[in-house]
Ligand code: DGL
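Next up is one chain by itself, shown in structure tokens, the form predicted alone.
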């Protein structure tokens, strides 16, 4: 199983931040990525719908012999991780992007932490519940920022429009005094520098991509699944073609990428 690929999925381009971090830490691993661009954003979908999408995508990734299924989406991690693990853990290792961040924060001594994410991630209360289980005295402030995903997916980054939207959200007085801010959506690392700048770089902006990648490396090592064959082949699938997805994918993965449309819903 060592040379089987790592399966990764997200609603769109956000999970590419995780895929990129994995390639930096585990360059010998093959990746198979699925961006469900036909249904993005997941953040405004029901938990039931997200579980349905996640199950079908997981089946697709398993059909392509994935040894790991990494849910590179906070909304899907919050809504579907438990059900996917229950149904598929005998076929592949199942990882999410929330637990590694919570475990990392439990090693810190923050008194007040902010979380920004989609409506689904924030309404689930997953971050707040899991952080307080490990650190009962930590105050967790959760804020839904639903415009950020469509803004990023439409290519409005590093401009006046994105700066205005980001500043409007992050100027919310409930975030005053936070020591750390969790980027509770894998799209958000794309605008991490803009977010850090608004806080004058005085707040630790917690990006799940690198944290998750290091946990993945440890899990593969523990299970003797690190690919040492030298055979590496990355594949990228989307459920609906968007020019911006290809643009971002080429930004993260220099050169040509193997991008295919896979209509798994019909």
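Bear in mind that the values here come from a model prediction, so they are computed numbers and not experimental data. Residue numbers count along the first chain shown, from 1.
Although it is not shown, the form predicted together with the ligand is what the next lines describe.
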According to a 4.5 angstroms non-hydrogen atom cut-off, is residue 53 in contact with the ligand in the model of the complex? no
Since only the chain is shown here, I'm wondering whether residue 126 would be in contact with the ligand in the model of the complex (any heavy atom pair within 4.5 Å). no
Interface membership of residue 212, the ligand in the model of the complex, 4.5 Å heavy atom rule: no
Give a yes or no for residue 118: in the model of the complex, does one of its heavy atoms lie within 4.5 Å of a heavy atom belonging to the ligand? yes
Since the chain is shown here on its own, which stretch among 88-96, 180-188, 129-137, 166-174 would lie within 4.5 Å of the ligand in the model of the complex, judged by heavy atoms? 180-188
For the stretch 48-83, I need every residue with any heavy atom inside 4.5 Å of the ligand in the model of the complex, listed N to C. 73, 74, 75
